[in-house]
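Here you get one chain, nothing else, as structure tokens; it is the form predicted on its own.
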Amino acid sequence: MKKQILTLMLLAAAVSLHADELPLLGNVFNRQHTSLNGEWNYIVDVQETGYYGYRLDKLRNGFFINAKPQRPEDLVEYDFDKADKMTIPSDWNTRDERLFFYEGTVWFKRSFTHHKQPGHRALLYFGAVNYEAVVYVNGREVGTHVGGFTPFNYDVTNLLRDGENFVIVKVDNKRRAENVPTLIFDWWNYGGITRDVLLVDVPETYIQNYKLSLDRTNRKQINFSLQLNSKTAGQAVTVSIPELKIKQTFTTDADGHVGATLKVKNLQLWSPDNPKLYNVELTLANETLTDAIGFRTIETRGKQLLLNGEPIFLRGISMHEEKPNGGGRANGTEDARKLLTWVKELGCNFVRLAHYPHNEHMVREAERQGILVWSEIPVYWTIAWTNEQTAANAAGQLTAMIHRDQNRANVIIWSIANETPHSQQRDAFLSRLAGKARELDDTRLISMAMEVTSASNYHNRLQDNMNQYVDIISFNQYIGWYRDVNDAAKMTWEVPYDKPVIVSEFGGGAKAGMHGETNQRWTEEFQENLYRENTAMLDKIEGLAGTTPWILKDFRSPRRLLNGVQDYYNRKGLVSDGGEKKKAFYVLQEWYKSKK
């Protein structure tokens, strides 16, 4: 009996053995890696039988074991190899019509071949999984990640076998009050492994992450920092930028860190008109990393926004991470190029990637095309402000967002929230996030989408205690849609802060192809007129430095229920989900021509 108990205890320990989530691996796509994208088997587990339904003496029935009957009488009530397949990355809502509204657990399994190399380590990287992911390799738990839009990685070297292996991921997209975002949000809760999965090959000691940025006060100096995966002193690290004739070697300190400056001459600054990227090479013993990095400055001076020391107006548009035609989660360069084609046609030099960090392909493609970026975490509407676990979650998502994109020249704004109702608890929560963002990265600006809370007749006055923690005052307003229809011309605005202003949302809905009078809701003419009146109104705002109207294209939302018009789509897009440009598209396009 004692022997049996000991055996069960050892089995339980083996199942729960896991590695801690590592700090984020930077520049993952330019490292040696094996893609695990492709066909994954999946099992829909409504009651989480594969996780909670097994007993200690029936470990074979936990789905993560990937058990197979060894004898005719063995009872195993699942079989991944006979289950349906889904292409990863994707979302189950659009890949399986049975799961269109589904919120719960789905198990995914992928087999792969791996050959171990002495002196190398294997890191399992996920671009994003929505929302909670429990990861297993060869039946052993690796770890749990919470948060649907940020990357994460684990060291799985000791869990891999030489030859055939399998990875299983329990994905759960149920909404919870303590989550970030919380229970209610105005976009589709796409579940699944929504971004790339990679098995990354690194040496025992490797470059974990690095940052190169132009000094804010000295354009002849690039600030360089680098962190190894371990506290290893005396490691030689060489940074090379051939076009700038830079090649210097530094030595890591006791923390495995390098902090240095690089003197530079004749530097071409990155800008929307000249999105110049320099080839950068970092070398550490048995590892060489390459990247393409641009250099620019972004700052404010009173109510002016300055890029490379010159005033700039941000001709922007807001975007959700949805595919350009047909809905579903966007997740690759092809999707990014199509969406950004519409952005460029609008005459934009700026996008607000709302309301969460978008995939890395989008950020990098925007950088190549000369499009500035506002990047945001999903602290959306009413969050559990006093819950420390929620605060840690938000801070973790902020950290991952910054660490992934800290070398992208086009990212100029970290946004910490959207439309959050005012309270002391909210101010305390958000001020901590603002402080965290500044601690992690002082080379970019901080903002958030506020709400207008004071209105008297036709006079609007912005009042928000968070004004002292942000660099840019941004707010959402829907004159002509949610309030004051046809009264935009009478509106005046007061922003009592000596900082630049971005109107981060305005607009209204229209169903593509529906026509009528300018006062008829849902028609293209109504939306067209709304944009005409709003753009004329916005021209009167002192210190207006940019706008990001809501939104580039129609997107799915369970909150939008009007049959025959919305049909579970938010119709505020300037482009329909089928790619049709609405009449308001051309109003904004023409207005932006006047802003050059």
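Heads up: residue numbers just count along the shown sequence, starting at 1. None of the values given here were measured: they were computed from a predicted structure.
Here the subject shifts to the form predicted in complex with a small molecule, a form of this protein not shown in this document.
**Q.** Distance check, Tyr569 to the small molecule in the model of the complex, heavy atom within 4.5 Å
**A.** No, Tyr569 is distant from the partner.
Q: Determine whether any heavy atom of Tyr206 comes within 4.5 Å of a heavy atom of the small molecule in the model of the complex, and answer yes or no.
A: Contact with the small molecule, no.
Q. Just to confirm, Asn418 within 4.5 Å of the small molecule in the model of the complex by heavy atoms?
A. The answer is yes: Asn418 has a heavy atom within 4.5 Å of the small molecule.
Q) Looking in the model of the complex, any heavy atom of Phe63 within 4.5 Å of the small molecule? A) Answer no; every heavy atom of Phe63 is more than 4.5 Å from the small molecule in the model of the complex.
Q | Listed residue (Asn138, Asn476, Asn229, Thr283) with a non-hydrogen atom within 4.5 angstroms of the small molecule in the model of the complex | A | Spelling it out, the residue with a heavy atom inside the cut-off is Asn476.
Q.
To verify the annotation, which of these, Arg329, His355, Arg315, Lys170, has a non-hydrogen atom within 4.5 Å of the small molecule in the model of the complex?
A. The residue from Arg329, His355, Arg315, Lys170 that makes the contact is His355.
Q. Looking at 26 to 34, 547 to 555, 531 to 539, 43 to 51, which lies within 4.5 angstroms of the small molecule in the model of the complex, counting heavy atoms?
A. Careful reading of the contacts points to 547 to 555.
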